[in-house]
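As a starting point, one isolated chain is supplied in structure tokens, in the form predicted alone.
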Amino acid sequence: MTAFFEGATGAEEALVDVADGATVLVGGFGMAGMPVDLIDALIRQGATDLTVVSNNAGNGDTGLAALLAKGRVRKVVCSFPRQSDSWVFDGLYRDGRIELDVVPQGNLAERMRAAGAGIGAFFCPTGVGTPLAEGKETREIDGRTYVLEYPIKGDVALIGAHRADRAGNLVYRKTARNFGPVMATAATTVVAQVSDVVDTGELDPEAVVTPGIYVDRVVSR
């Protein structure tokens, strides 16, 4: 059963059991779809030594960047760690205060999808012949070289959706959808931030992207 919470206090309650050392999947493509309210609640909650998996390594001084600035994150797994507004991560990395694992964007999504689908590992051509493939098993298949990649699983996923119903089904708004659906399948506990919650049956079933069976907690503003 999906549990429902409201507001800032509810967000903190929804994240009360995030443990030190947890792997946290954080949705968003830049700020689009980033669950800022949940990240702010995680900052207040106090969990530390986290591994964060996200497309970016934070933007500006809010959201994920604010979590990094608090020194709560030990390692970032992402595709785009450097942007014009990623100065928080950049400073931490240059000072040796945070670890980085760069994963090509398609691989990032597929590795989380594999975790959700129960796939033990898969071979992919992305990264062959680059430093990203160093130390990884390779195999030639039909004359092409592939790299072995393993699933990325999360203890917690924090995702942003547009709307939920009382069964926990989620719909997304345009590009804010990004990594939310695959992250929702790849974590032990999934917490979704939404704009509002409607009664079960009010969402068009054809528009539901993440079924409620994947969603443990919903926080509405």
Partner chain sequence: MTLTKDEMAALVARDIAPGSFVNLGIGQPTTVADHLDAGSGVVLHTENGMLGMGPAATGDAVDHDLTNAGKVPVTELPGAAYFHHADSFAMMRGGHLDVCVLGAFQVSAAGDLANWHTGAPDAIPAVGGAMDLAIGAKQVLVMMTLFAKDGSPKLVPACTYPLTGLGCVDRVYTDLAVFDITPDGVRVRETFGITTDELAARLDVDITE
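Values in this document were obtained by computation on a predicted structure and should not be read as measured data. Positions refer to the first chain, counted from 1.
Below, we turn to the form predicted together with the partner chain, even though it does not appear here.
For the three residues F29, K174 and N178, a heavy atom within 4.5 Å of the partner chain turns up in the predicted bound form in every case. Think of it this way: in the predicted bound form, the partner chain has a heavy atom of just one of G106, G96, G135, G120 within 4.5 Å, and the residue is G106. The partner chain in the predicted bound form is approached by N56, whose closest heavy atom lies within 4.5 angstroms of it. Contact check for R113: a heavy atom falls within 4.5 Å of the partner chain in the predicted bound form.
Interface membership of K75, defined by any non-hydrogen atom within 4.5 Å of the partner chain in the predicted bound form, is ruled out. The partner chain in the predicted bound form comes within 4.5 Å of a heavy atom belonging to G127. Shown without its partner, the chain has S79, F80, P81, R82, Q83, F89, D90, Y93, R94, L100, V102, V103, P104 in segment 78 to 104 as residues with a non-hydrogen atom within 4.5 angstroms of the partner chain in the predicted bound form.
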